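First, one chain by itself: the form predicted on its own, in structure tokens.
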Amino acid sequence: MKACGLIVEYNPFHNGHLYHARKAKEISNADCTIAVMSGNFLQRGEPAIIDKFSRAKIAVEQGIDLVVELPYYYAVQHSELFAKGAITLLSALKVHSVCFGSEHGDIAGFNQILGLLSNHQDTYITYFKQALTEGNSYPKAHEKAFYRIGGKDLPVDIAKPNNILGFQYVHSINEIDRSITPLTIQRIQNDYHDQVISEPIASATSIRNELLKEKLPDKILKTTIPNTTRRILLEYKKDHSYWHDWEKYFPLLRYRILTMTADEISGIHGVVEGLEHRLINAAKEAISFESFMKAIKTKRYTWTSLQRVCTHILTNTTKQEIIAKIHTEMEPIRILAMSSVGQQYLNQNKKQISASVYTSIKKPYPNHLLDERLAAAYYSILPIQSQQEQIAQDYMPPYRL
């Protein structure tokens, strides 16, 4: 069986994701699609609107064959580490190809950028470090370094968010497993950062904006997400009172910051250059997550990077813990959901898959304690009974279709 890998968050699963899944299977000629999906906290430093088990269930019911979790220490990271973790897992699962969505839509351009970087690696690193010392954010420094080595006519616009991720996927494939074929399809009808729904294929951001309004989802959502997504979203809110967003966590985040010492905050992953003092001062004055973020935002730090810092504070994730985890030689494979095809693929390839495969966090799962802590943080805004019910999912078998 041939498998095509997808790197996803499904926050929530919408019509664009359905298009991507179907197109990926078509152009890869794969028998099986394997999605590596972020858990309850996402790459942009946000809590997922509903939990990872619900999102994995939706994905399998919409045609994905196997959903595995991208561990937190790779999921809530900048694009390079995010890509490295995802490609490492897909390589361990022996996929033949990886298909990602991009604004560019042509894999040849990404391969050209990779060649450019390979030929000017040292110069690129010099320009990148120089851009950082000038006060640019991490992604802006990458962008400037690319333009310094490639001029204004780069084959791919690496300022676009999905092009940035796409390049990192191709780069990681080149570094980790060149037997994987990278493929891309073009994003259609929306932009990654669109705030308003205007087309049947809308951005996840615009869909979340509608969902998080006080009223129930508008009729327009009926045209942008599959029925399964809408049903499970509404069931989740009915059963647990809330969808997850940063504003609901702000009292807990503020409590964490104001009961920690500056030295303790400085030990949290992502806190650098005295940021701990800025965080403490802002927490004393802010009345909402948005006002807190505006108070700590600078040119040097993107909104996304600061949200990741907030996530690490909320989950008490230290620099030492992250360093230890990302230097692990082989990632554990945590199954969240599967179809009969996905199960068949695992059975046929179990001798070739060198990494350990787990169906719950029961010991000897190596991330047992970390995942318990992450679950406690994510579900902390729910009523206590809901917290207990949701945390128990980690010890249950994955959803099977």
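The first residue of the shown sequence is 1; numbering continues from there. What we label the rigid core is the largest C-alpha set whose atoms superpose within 1.5 Å from one form to the other. Computed from a predicted model, the values in this text were never measured in an experiment.
The form predicted in complex with another copy of the chain is left out here; the points below concern that form.
A single residue from the set I125, L258, V272, A159 has any heavy atom within 4.5 angstroms of another copy of the chain in the predicted bound form; that residue is L258.
With the partner removed from view, the residue among R230, R254, R300, H171 that has a non-hydrogen atom within 4.5 Å of another copy of the chain in the predicted bound form turns out to be R254. Put simply, N316 is close to another copy of the chain in the predicted bound form: some heavy atom of it is within 4.5 Å. Within 4.5 Å of any heavy atom of another copy of the chain in the predicted bound form lies no heavy atom of K350. Mapping the unseen interface onto this chain, E285 counts among the residues with a heavy atom inside 4.5 Å of another copy of the chain in the predicted bound form. Within 4.5 Å of any heavy atom of another copy of the chain in the predicted bound form lies no heavy atom of E80.
With the partner left out here, another copy of the chain still marks one of 62-70, 340-348, 367-375, 48-56 in the predicted bound form; by a 4.5 Å heavy atom cut-off that stretch is 367-375.
Every member of the trio F250, Q385 and Q388 reaches another copy of the chain in the predicted bound form with some non-hydrogen atom inside 4.5 Å. Shown without its partner, the chain has no residue in segment 86-116 with a non-hydrogen atom within 4.5 angstroms of another copy of the chain in the predicted bound form.
The Cα position of K350 differs by less than 2 Å between this form and the one not shown after fitting on the rigid core.
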